[in-house]
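One chain is shown next in structure tokens, namely the form predicted on its own.
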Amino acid sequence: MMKTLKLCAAVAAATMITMPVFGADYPSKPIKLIVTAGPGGGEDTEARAIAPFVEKYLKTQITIENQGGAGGKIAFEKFQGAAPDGYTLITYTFPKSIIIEHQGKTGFKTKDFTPIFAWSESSQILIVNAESPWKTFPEFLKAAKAKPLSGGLSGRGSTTHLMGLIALEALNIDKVNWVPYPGSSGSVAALAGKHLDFTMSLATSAVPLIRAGKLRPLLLFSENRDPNLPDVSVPKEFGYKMNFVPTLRGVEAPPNTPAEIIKVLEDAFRKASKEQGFIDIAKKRKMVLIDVGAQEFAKAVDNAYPNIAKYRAILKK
């Protein structure tokens, strides 16, 4: 009996020694990071800014792959079925994926994705060309109520699309001729080229051209002024009350990605976001840095569904 017990113990010990720890060798090859917009926009710029610092901690290459089209819907649907092995990740302006879900039938569910980490947040901003006759928000509002103006959006189903519709309703503007672009870089460039009357975009996407004197910011859609844009007014200063769409920039893994892999990625992205080189880039772009880990990011996803559902009707416009 004693010999049998010793034999069983030896077998068990050997099994424990040889049994592989899932994800222990992760990552062992390059990681693909999908950007749901074209090159040059805010999503793309931030992904390329943080990627080198993440590579430092993961000790592997991160390849950026732009997959624009349908506001990101095509990329999200492909991502839904990606292997949950940590080698395919996605970054986008959250919660645009949930906005797209509320617009109609999709082949993906944001709640199925596995949140990892979010490093920045931003508010939407209303901007005009620097040579525009509207130097203040009241002047712009008077013109927008007099006749339909052409406004740029970074894609149907984007966070700017939703904020634009909310703003129109709150400001009692009857109509705007919206012109969608694949990404924020397109709408901002079109405005700089005087092809639009105004555009809405994430504040970070407009900063370079604002600083270059080509664009003029008129209103920031936020409860409080942005410390990076202290001279830009917010709606409540003009007596308007409206809901705002908080936006995050972060990274997620496919559905059912193991917790061990998520932990490795969360640690790497968190450390990368604290690198001085990345912080310097963030300051230059006027990014508002945050530290939102996997669990907190997951809560943000849960909270976004009912909040955005309130606007299902106007999202179908």
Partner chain sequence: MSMDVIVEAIAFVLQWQNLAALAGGTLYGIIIGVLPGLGPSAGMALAIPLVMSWHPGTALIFMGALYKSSNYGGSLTAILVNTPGDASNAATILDGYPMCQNGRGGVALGLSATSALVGGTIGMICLMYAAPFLAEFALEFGPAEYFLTAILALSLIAAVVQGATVKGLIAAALGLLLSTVGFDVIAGNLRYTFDWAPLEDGIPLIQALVGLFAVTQALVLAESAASISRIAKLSGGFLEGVITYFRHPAIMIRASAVGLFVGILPGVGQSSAGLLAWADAKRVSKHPEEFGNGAPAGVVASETATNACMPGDLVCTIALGIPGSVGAAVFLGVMIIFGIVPGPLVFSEQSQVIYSLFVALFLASAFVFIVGITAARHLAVVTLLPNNIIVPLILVVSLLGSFAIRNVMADVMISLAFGALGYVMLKRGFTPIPLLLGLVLGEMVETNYHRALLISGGSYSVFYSSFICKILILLTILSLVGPYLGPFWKTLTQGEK
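Note that the rigid core is defined as the largest set of C-alphas that superpose within 1.5 Å between two forms. This is a predicted model, so every value here is computed, not measured. Positions refer to the first chain, counted from 1.
Another form, the form predicted together with its partner chain, is not on view; read the next lines as being about it.
The shortest heavy atom separation between residue 146 and its partner chain in the predicted complex exceeds 4.5 Å. Its partner chain in the predicted complex comes within 4.5 Å of no heavy atom belonging to residue 289.
Contact check for residue 68: a non-hydrogen atom falls within 4.5 Å of its partner chain in the predicted complex. For the chain shown alone, residue 150 is a contact residue for its partner chain in the predicted complex, at least one non-hydrogen atom being within 4.5 angstroms.
Between the options 274, 284, 29, 59, the residue in contact with its partner chain in the predicted complex by a heavy atom within 4.5 angstroms is 284.
Screening 221, 108, 181, 137 for any heavy atom within 4.5 Å of its partner chain in the predicted complex leaves a single hit, 181.
Per the 4.5 Å heavy atom criterion, its partner chain in the predicted complex is contacted by stretch 172-180, the sole one of 113-121, 226-234, 172-180, 242-250. Every residue of the trio 78, 185 and 211 has some heavy atom no more than 4.5 Å from its partner chain in the predicted complex. Although its partner chain is not shown here, in the predicted complex the stretch 44-60 places heavy atoms of 44, 45, 48 within 4.5 Å of it, in sequence order.
Core-superposed comparison between the shown form and the other one: CA of residue 84 displaced by less than 2 Å.
The Cα shift for residue 116 between the shown form and the other one, taken after rigid core superposition, is smaller than 2 angstroms.
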